[in-house]
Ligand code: EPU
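Quick setup: one chain, the form predicted alone, written in structure tokens, and binding and motion questions come after.
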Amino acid sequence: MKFTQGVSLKGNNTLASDVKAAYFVSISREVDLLRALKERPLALPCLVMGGGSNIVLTSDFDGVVLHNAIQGIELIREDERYVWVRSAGGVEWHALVQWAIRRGFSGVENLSLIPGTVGAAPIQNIGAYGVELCDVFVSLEAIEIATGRRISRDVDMCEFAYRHSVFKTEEYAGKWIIVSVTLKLQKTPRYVTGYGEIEAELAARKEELTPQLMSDVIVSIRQRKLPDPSVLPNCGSFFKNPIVDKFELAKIKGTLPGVINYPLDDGRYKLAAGWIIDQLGWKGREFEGAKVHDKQALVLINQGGGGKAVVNLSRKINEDVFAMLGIYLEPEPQFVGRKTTVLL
């Protein structure tokens, strides 16, 4: 087990923050992970990284980066209607989606092209176009960093919510490594198409709807809306859509009458954060080495200032939003500083 010192993390995060880790080790087998946990410098904090798509590195990391590269996908059970699929945590999420689609399994096609790894997906409860991970999630296996202890958590124990899970709480964040995830997928597809962009593209293609076609449509839409991180370094949608009650919504409509909102089952409303940022004039604006994307105001781009510049830009945007509407836009990615320990 080799811990490499002074490793640049620029190629390990989609924001291309050019920072270094004091120690770095890539893990391709679970047995190597357990060994690494025993042999790592115990006095130093740990940072678990997968694809680095949901992280903002603001400085060099004075600790040990454990890169989860454990691979493997397997069909572990099936009946007449469903299949149960287990994937290792280091598998790229989109690779798992493609694996399922090639076999005719349905349930994750709306989550196509979401960056990151399978091990990171439950932490954020990734979601897009009416589907969230929790809709197909069965369980996960995780290992405690401090002790090497293994736990299994089912869907209820993960406490999933909008872009949230128990692994983002103070009790669990940064203390566990998700080594596998089990999903329950459908043999007979049930499509979620109730979005204008999806309906329009399906109508234009005039093809029989299949999981592959649905995935192709989602990929096409995402590629039009979101910049390629290899060209414009970014970590996807930077802010969560804020959720407000009816009284807050009425107040916001007094300032922004056309505010885009979606009613939720609990009587509250989800607002379109990107639309709000656009209305406040931030789309395309630059600030000290970071920029709001010209086409999608939810995307913040590193233009040479690194993660710190992106964080500063996000704070400027939030100052404007709060001053105008009295609400706070919560960032989706996690910020990691010199000694911060997080799990991604």
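The first residue of the sequence shown is number 1, and the count goes up from there. Owing to the predicted nature of the structure, the values given are computational and were not obtained by experimental measurement.
A second form of this protein, the form predicted together with the named molecule, is not displayed here; the remarks below concern that form.
Contact stretch among 183-191, 155-163, 206-214, 70-78 - heavy atom within 4.5 Å of the named molecule in the predicted bound form | Selected stretch: 155-163.
The named molecule in the predicted bound form: within 4.5 Å of a heavy atom of each of Ser87, Val118 and Phe137?
-> No, the candidate spot makes no contact with the named molecule.
Does the named molecule come within 4.5 Å of any heavy atom of Lys225 in the predicted bound form?
-> Lys225 belongs to the contact set for the named molecule.
Look up in the predicted bound form whether Ile145 has a non-hydrogen atom within 4.5 angstroms of the named molecule, and give yes or no.
-> Judged by the heavy-atom cut-off of 4.5 Å, Ile145 is well away from the named molecule in the predicted bound form.
Would Gln98 count as touching the named molecule in the predicted bound form under a 4.5 Å heavy atom rule?
-> Flag for Gln98 set to no.
Phe287, heavy atom within 4.5 angstroms of the named molecule in the predicted bound form = No - in the predicted bound form, heavy atoms of Phe287 and the named molecule never come within 4.5 Å of each other.
With the named molecule left out of view, choose which of Tyr82, Tyr129, Tyr172, Tyr269 has a non-hydrogen atom within 4.5 angstroms of it in the predicted bound form.
-> Only one option qualifies, and that one is Tyr129.
Only one of Arg103, Lys251, Lys240, Arg150 has a non-hydrogen atom within 4.5 angstroms of the named molecule in the predicted bound form; which is it?
-> If I apply the 4.5 Å criterion carefully, the residue I get is Lys240.
Let me know which residues along 251-276 have a heavy atom within 4.5 Å of the named molecule in the predicted bound form, or say none if there are none.
-> Heavy-atom contacts within 4.5 Å come from Ile260, Tyr262, Ala272, Gly274, Trp275.
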